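Shown below, as structure tokens, is a lone chain in the form predicted alone; questions about how it binds or moves come after it.
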């Protein structure tokens, strides 16, 4: 499978364990509970992909505002200045405005609206990688009548964008699944799981590649550290 084109994760020590990175045009869930640096990891991937290879990306946020996101990433050593190939689409403000008008909120089809926004932006801006932050925020806006059918449709429309996609997913606390509806696991091509383990010395962060189609990869969970603006896995 070494002839597959890939997007590196830029996590030191990880790409060499998964044949160079994430296959292009895969849809990958980046999962974990709150505080596991899901947003930071995915932003790091697209930030470094542009700096290293000139790969243009879009970070679509439904939760954290654009200015807040820029400030947060700058503190982590990823300043936005000079990185014009990473565009942030801030739907968080629109989401808040719509939420204030209940009648209007009920009429918005967020799944179709997001696809429409992304298609329009791709035509004008041209990008190869997308981060959607997050599925949990999207689900909070959406009333599903048939989750399996509607999510299948949404994933298919995402695939039609013909780009690599990272979907940030909050893992439910009451079930052993990687998405709220338990079908995101099957609809995705890859799953990167971030988790925290509490010890007497503090909290340790771990990363595991649960699934990555067309890729030979380790399934071991490895300690994940972040230093000097870079992520690194520590192999045992």
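Note that this is a predicted model, so its numbers are computed, not measured. Residue numbers count along the first chain shown, from 1.
The following text describes the form predicted in complex with a small molecule, which does not appear among the structures shown.
Taking 89, 76, 136, 114 one by one, only a single residue has any non-hydrogen atom within 4.5 Å of the small molecule in the model of the complex, and it is 76. Taking 57, 188, 61, 36 one by one, only a single residue has any non-hydrogen atom within 4.5 Å of the small molecule in the model of the complex, and it is 36. Listed stretches are 27-35, 44-52, 171-179, 207-215; the contact stretch with the small molecule in the model of the complex is 27-35, by a heavy atom cutoff of 4.5 Å. Not displayed here, the small molecule is approached by residue 72 to within 4.5 Å at the level of heavy atoms in the model of the complex. The small molecule in the model of the complex comes within 4.5 Å of no heavy atom belonging to residue 221.
Contact check for residue 10: every heavy atom lies farther than 4.5 Å from the small molecule in the model of the complex.
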